[in-house]
Ligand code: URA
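Taking the form predicted alone, here's one chain by itself in structure tokens.
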Amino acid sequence: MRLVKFLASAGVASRRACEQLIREGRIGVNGETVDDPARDVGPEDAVTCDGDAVQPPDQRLVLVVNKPAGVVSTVRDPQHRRTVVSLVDSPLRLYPVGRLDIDTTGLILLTNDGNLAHRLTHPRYEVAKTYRVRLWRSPISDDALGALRSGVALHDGPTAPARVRRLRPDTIELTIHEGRNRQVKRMCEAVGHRVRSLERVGFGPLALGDLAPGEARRLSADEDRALRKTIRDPRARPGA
């Protein structure tokens, strides 16, 4: 397979963008920088982009899963609770990208692409995560919404400004680019509202859509490219 087709099929970028990456000297094959898009590569070749391994297209898998409540975001659990990996029947060794609390539902990714997972969770790339938050006390005030949009003080430091919109008197949609432990719940508590239920509905350019709880689907080619563009160029993230 030609190198440029290999890169595009692996979801690195569009074919034209992959040609540009090759011209810029950002692609390596077996430890050497290459400048020929037509170079042939095979399963035995180690291909890299900016030093990171590129998973062969027929071996790389990224799934969107709608995690139900009561399921833990780990590969295995010492307490023998159901894990998010157990929701998917795959011969590949998959692991979750980041975590959701056991009582939080919604969009979580499973993959066998370690480089992708690392970048999606690295603070440098500030990948947006969007949550639908139902609150115990309503209505949520304009002052509370304003505080969330400005950033709130938590015990581990102030949060970055969030995008917030009111969906119903007791429900908001909140988008953050950080990944602190229980961050959304703590932010809402800091403005006087305990969280009743929490569902992640967006991750970067991906949306949960109508995927049923406990179900999974493979990313489309367009979704895969959009996700990888987000971690190549942080300016490409939604709302940036």
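Heads up: residue numbers just count along the shown sequence, starting at 1. This is a predicted model, so every value here is computed, not measured.
The protein also exists as the form predicted together with the ligand; that form is not presented, and the subsequent description refers to it.
Evaluate Thr48 for contact with the ligand in the model of the complex, applying a 4.5 angstroms cut-off between non-hydrogen atoms, and reply yes or no.
Judged by the heavy-atom cut-off of 4.5 Å, Thr48 is well away from the ligand in the model of the complex.
Just to confirm, Arg194 within 4.5 Å of the ligand in the model of the complex by heavy atoms?
No, no contact at 4.5 Å.
Under a 4.5 Å heavy atom criterion, is Val184 part of the interface with the ligand in the model of the complex?
Judged by the heavy-atom cut-off of 4.5 Å, Val184 is in contact with the ligand in the model of the complex.
Can you tell me whether Ala162 touches the ligand? I mean in the model of the complex, with a 4.5 angstroms heavy atom cut-off.
No, Ala162 sits far enough from the ligand in the model of the complex that none of its heavy atoms falls within 4.5 Å.
Which one, Ala144, Leu116, Val85, Leu100, lies within 4.5 Å of the ligand in the model of the complex by heavy atoms?
Contact residue from the list: Leu100.
Could you work out which of Val54, Val64, Ile172, Leu198 is the residue within 4.5 angstroms of the ligand in the model of the complex, going by heavy atoms?
Exactly one residue meets the criterion: Leu198.
Picking from 40-48, 27-35, 201-209, 176-184, which part of the chain touches the ligand in the model of the complex when contact means heavy atoms within 4.5 Å?
Only one stretch passes the 4.5 Å heavy-atom test: 176-184.
Within 4.5 Å of the ligand in the model of the complex, counting any non-hydrogen atom, which residues from 103-142 show up?
In sequence order, Thr104, Tyr131 come within 4.5 Å of the partner.
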